[in-house]
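Coming up is one lone chain in structure tokens, specifically the form predicted alone.
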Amino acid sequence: MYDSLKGFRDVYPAEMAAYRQVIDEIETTARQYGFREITTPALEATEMYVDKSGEEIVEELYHFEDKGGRDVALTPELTPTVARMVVAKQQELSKPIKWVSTRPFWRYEQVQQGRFREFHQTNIDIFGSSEPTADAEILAVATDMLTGLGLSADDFDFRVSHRDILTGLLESFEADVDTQDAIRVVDKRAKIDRDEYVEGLTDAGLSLDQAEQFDEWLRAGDDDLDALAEMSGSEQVADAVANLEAVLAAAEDFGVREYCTISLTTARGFDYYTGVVFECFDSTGEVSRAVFGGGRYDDLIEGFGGEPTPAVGFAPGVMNSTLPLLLQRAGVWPEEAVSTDYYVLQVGDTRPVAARIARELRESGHVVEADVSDRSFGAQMGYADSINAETVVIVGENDLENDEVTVKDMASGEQTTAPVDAFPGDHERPTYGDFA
């Protein structure tokens, strides 16, 4: 007997039915905004992740040498892959490029709430527009995905920030500051104690007083961005504030401003972010980690050898992640149950007629099962009940002698007969009520 590996899990049909509803809603919403589906490889060159994130990323990868002697890795995220894809056909692709993809990813990291070593994400990206409208559309499609799943403004909020505000504030000090290290510390602010947070900022190059001033500015900026730009005296901060306000104004026009809260301590830890960033959180705090996040990464395509191309996107985890935890907490997680429209039950030597009925029902788009195990009447009824069949069509020898089939409603237990030649006939979804 073998057990599944730590950080990996099996998903059986009933639970998978709930996941499928979530994935379908998210993908349908993306399509409504004009995002086009792509598919991508499960393996990429390990070097691609090292070049993007540094040698330390190797510790988080499932990587190995393949039979051709190449060092390859199971993909831990999609952003480098789509950047590579854009570069490969940059001159051929109409802009803006709007792509969506749902697929599994793998990271060798500590297993915890909503975090597994194999997980599924839906990635939504826009390439080729630097306009605030593009950022706002990302916030809008994210909102519509969540509200389409049954969540409300009481269930979640987007904590929105701007990386250039953080960079501008840090560079306004007369100090040799490693801005990327400092931003990584800000990203951990809610997860570490105050002393560790301040120590991290000083390790990045700020003095103790500067670290305190920097944190005070971040908190003040949540309430008054314009005052923050004036206090810092930084042109970079002023420009970033104007950009963030433009994004939020567009979000207002798109009807999603109420879901957005300014939070300058929201930093996103990845170095490639360049502008507006955001993270989605459970408003009640019961799901303690970010549900998902995203933002602008205008330099990544150029970093992969392409022409300068602005980009913005986000990636909700749809399986083995925190989004299902939020839906469960809010009481809107889909029912974990399989469903079947029809079960065609055979009694005696009736297979030709039963097969014809099943085939015609499937041609109308219904989910239909029929016996493939030569079971008794009782066993077939028990199976039909176990798969939540809505209607059972009984094709028995005695019925056929009368040119009839029996139509049984499984919820009520009521049944009636229908002419065999008229079933399913012209009925789009024939049920007990059509013949009673």
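Numbers for residues come from their place in the sequence shown, where the first is 1. Quick caveat, the model's predicted, so the values are computed rather than measured.
There is also a form predicted together with another copy of the chain; it is not shown, and the following applies to it.
* Answer yes if any heavy atom of residue 68 is within 4.5 Å of a heavy atom of another copy of the chain in the predicted complex; otherwise answer no. => Yes, residue 68 lies within 4.5 Å of another copy of the chain in the predicted complex.
**Q.** Contact test in the predicted complex: residue 157 vs another copy of the chain, heavy atoms, 4.5 Å
**A.** No, residue 157 sits far enough from another copy of the chain in the predicted complex that none of its heavy atoms falls within 4.5 Å.
4.5 Å heavy atom contact, residue 64 to another copy of the chain in the predicted complex: Output for residue 64 is yes: heavy atoms within 4.5 Å of another copy of the chain.
field: Partner proximity in the predicted complex: residue 334 to another copy of the chain, non-hydrogen atom cutoff 4.5 Å
entry: Close contact is absent here: in the predicted complex, residue 334 is far from another copy of the chain, nothing within 4.5 Å, heavy atoms only.
Review point. Looking at another copy of the chain in the predicted complex, do all three of 4, 85 and 250 come within 4.5 Å of it through at least one heavy atom?
Key: Yes: 4, 85 and 250 each sit within 4.5 Å of another copy of the chain in the predicted complex.
### Task
Taking 4.5 Å between heavy atoms as the contact cutoff, choose which of 79, 179, 133, 265 touches another copy of the chain in the predicted complex.
Exactly one listed residue reaches within 4.5 Å, namely 133.
So if I measure heavy atom distances to another copy of the chain in the predicted complex, which of the stretches 274-282, 158-166, 111-119, 195-203 falls within 4.5 Å? In the other structure, the partner sits against 111-119.
**OP:** Counting only non-hydrogen atoms and a 4.5 Å cut-off, give the residues of 1-32 close to another copy of the chain in the predicted complex.
**Re:** The stretch 1-32, when checked against another copy of the chain in the predicted complex, contributes 1, 2, 3, 4, 5, 8, 9, 10, 11, 12, 13, 16, 20, 31, 32 at the 4.5 Å heavy-atom cut-off.
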